[in-house]
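The data below hold one chain only, encoded as structure tokens and taken in the form predicted on its own.
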């Protein structure tokens, strides 16, 4: 079985053509810069954009009387429930992305069964399917929590926008037909690390805002996410050691 970590043709390093190194470096030294200045010029441009930029978005006003009443009560207590709605939106977006990541990995595993079988310690597809289904259930759990607050789960909050964009890179690597099962597991580990911490923060925020029932339901999801993280971390470690020929 071939692995991307096997030694092979890779022409990206300068040492691949020692005879051309001097010519290459002389060309670099003779080239005129495309603009005057140093890295501070770029930093100045960035600062100007940052100073002029609008927020990435806003938390929508609850569309129902129930939601508006709950929001108003919290505001009278000096708290800001919009932060909870934003984090719920972010969790919703990430759970959807997590479900799709597992779907993509399972598709890849079905094609590369020999690669799955070759992983040290074995990779349980049934376990992956279980985790995938739990991610989908967590999505539904958050959606119901948003509805219970009288808010609209289809609205894209700023946090949902950010988490959605951040997960694009993970999905691109996962669905790349060239990436191996081991590399795909690495991507999944990144997602599970962020997912686990996201649930921890959401539970703490819900508790501080007096949403004890919500926090209680979310603790079950956090326990399952803890299992996801532990298992995927073990899969990643085993696959790495297997490729390295280390038991």
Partner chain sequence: MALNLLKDKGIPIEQQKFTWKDLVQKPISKLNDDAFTRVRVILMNGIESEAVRFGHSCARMNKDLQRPLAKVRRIEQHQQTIVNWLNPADQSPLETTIGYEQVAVEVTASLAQNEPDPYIAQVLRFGLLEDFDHLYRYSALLDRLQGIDANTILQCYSDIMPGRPTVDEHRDPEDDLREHYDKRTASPLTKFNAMTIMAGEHQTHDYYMHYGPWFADPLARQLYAEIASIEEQHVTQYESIIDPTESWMEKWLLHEANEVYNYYSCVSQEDNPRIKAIWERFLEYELGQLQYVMEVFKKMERRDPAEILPASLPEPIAYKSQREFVRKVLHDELDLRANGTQFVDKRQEPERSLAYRRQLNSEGSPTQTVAAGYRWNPGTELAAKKKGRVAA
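Take the two forms, find the largest set of C-alpha atoms that superpose within 1.5 Å, and that set is the rigid core. Residue numbers count along the first chain shown, from 1. As the structure is a computational prediction, the values presented were derived from the model and not from experiment.
FYI, the form predicted in complex with the partner chain isn't displayed, but the following is about it.
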Please identify the residue among 176, 107, 130, 161 with any heavy atom within 4.5 Å of the partner chain in the model of the complex. 176
Are any of the heavy atoms in residue 41 no more than 4.5 Å from a heavy atom of the partner chain in the model of the complex? yes
Would you check, heavy atoms only and a 4.5 Å threshold, whether residue 137 touches the partner chain in the model of the complex? no
Although the partner chain is absent from this view, report whether residue 113 comes within 4.5 Å of it in the model of the complex, heavy atoms only. no
Can you tell me whether residue 17 touches the partner chain? I mean in the model of the complex, with a 4.5 angstroms heavy atom cut-off. yes
Residue by residue through 92-109, tell me which have a non-hydrogen atom within 4.5 angstroms of the partner chain in the model of the complex. none
If the two forms are fitted on the core, does residue 37 show a Cα displacement reaching 2 angstroms between this form and the one not shown? yes
Align both forms on the core first, then report whether residue 27 has a C-alpha shift of 2 Å or more between this form and the one not shown. yes
